[in-house]
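Encoded as structure tokens, the following chain is the form predicted on its own, with no partner shown.
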């Protein structure tokens, strides 16, 4: 059996704990996640000949800490979606014969900042020169620009935006590892502290520590591992602009749309085939943009679609079933955790398991709609 991309995810695991981990450094989180994922695949570190991760600490330092000498390295760093791109690049490397078994790692002391790179300050980057002087610094303020335009043009209400957090908390309540599990209401969200208009605290992602890792290998080895193979049926990646002010259209993500089209085309699927969906949710509006960019709803309809209960337990399109970045965890680069939940659902081992989750789509965001990656994961080749 050969998947369309030619690869499977044979191992997937997170760090032993996520949340607040002041006793573990960024590098320790990478190592712990890597060891767990390799064990999940029934392999040893000696079996790994490829390594991918983002900078700080980067693939060379992680490889050294693990005691391995890979012959394929990928240090692609384009924000929180980097790990989805690592899977895509690993597929290409494996097909080309550059590697046989690629380990993709993530570790981030996002809350405790133990061994973490310092936050960038000023500098000569384009956003620092042309956006920061006007007070638009970082996700909290930058993400307000597109959502306010979207609300004005499409009538998205504050209640509908708040309901994104409510819906995802219903999934988190079923997940023992989720940081926030108590059910909330729209009134609770709107009563939480205002962070940057229109975002209230409960519409913003968590800030946590943790990590995760994946083992990617050739699909012709699908029967060689203790866990069910998760086939990578399709992949896509795209970018748009490094500054939020330069998006072609504030009411949509072109990168989301292009990456999704590429992944769906490679997998040979349509939205009707998808049983489970993970959309990076740094803020409450990102799943709205993702649903529309991938074609699950018409433009302007995603807010009402979520508010009508379609993405909750029992709904027709289960979305962000681990609780997402709003309730499960968000170390700063969340994409790894979205992949992990997609893998769990396809394997049938998620805490809040969706029935018949034979196809899961994972959409990652990098920066402020600057980059996107999409993976189509399946129980078997189609």
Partner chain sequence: MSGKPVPEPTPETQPFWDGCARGELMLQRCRACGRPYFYPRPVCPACGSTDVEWFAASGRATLYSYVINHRPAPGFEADAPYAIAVVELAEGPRLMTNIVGVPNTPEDLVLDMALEVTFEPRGGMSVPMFTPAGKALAS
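Residue numbers count along the first chain shown, from 1. Quantities reported herein were computed from a predicted structural model and do not represent experimental measurements.
The form predicted together with its partner chain exists for this protein as well; it is not shown, and the discussion that follows is about that form.
Mapping the unseen interface onto this chain, residue 149 counts among the residues with a heavy atom inside 4.5 Å of its partner chain in the predicted bound form. Within 4.5 Å of any heavy atom of its partner chain in the predicted bound form lies no heavy atom of residue 76. Mapping the unseen interface onto this chain, residue 249 counts among the residues with a heavy atom inside 4.5 Å of its partner chain in the predicted bound form. Although the partner is absent here, residue 196 sits close enough that one of its heavy atoms falls within 4.5 Å of its partner chain in the predicted bound form. Heavy atoms within 4.5 Å of its partner chain in the predicted bound form map, among the stretches 124-132, 261-269, 84-92, 212-220, onto 124-132 alone. Of the candidates 239, 175, 185, 140, 140 is the one whose heavy atoms come within 4.5 Å of its partner chain in the predicted bound form; the others do not. Listed residues 144, 112, 297, 101 were compared with its partner chain in the predicted bound form; 144 is the one with a heavy atom within 4.5 Å.
Interface residues of 219-245, taken as those with a heavy atom within 4.5 Å of its partner chain in the predicted bound form (partner not displayed): 242, 243, 244, 245, in sequence order.
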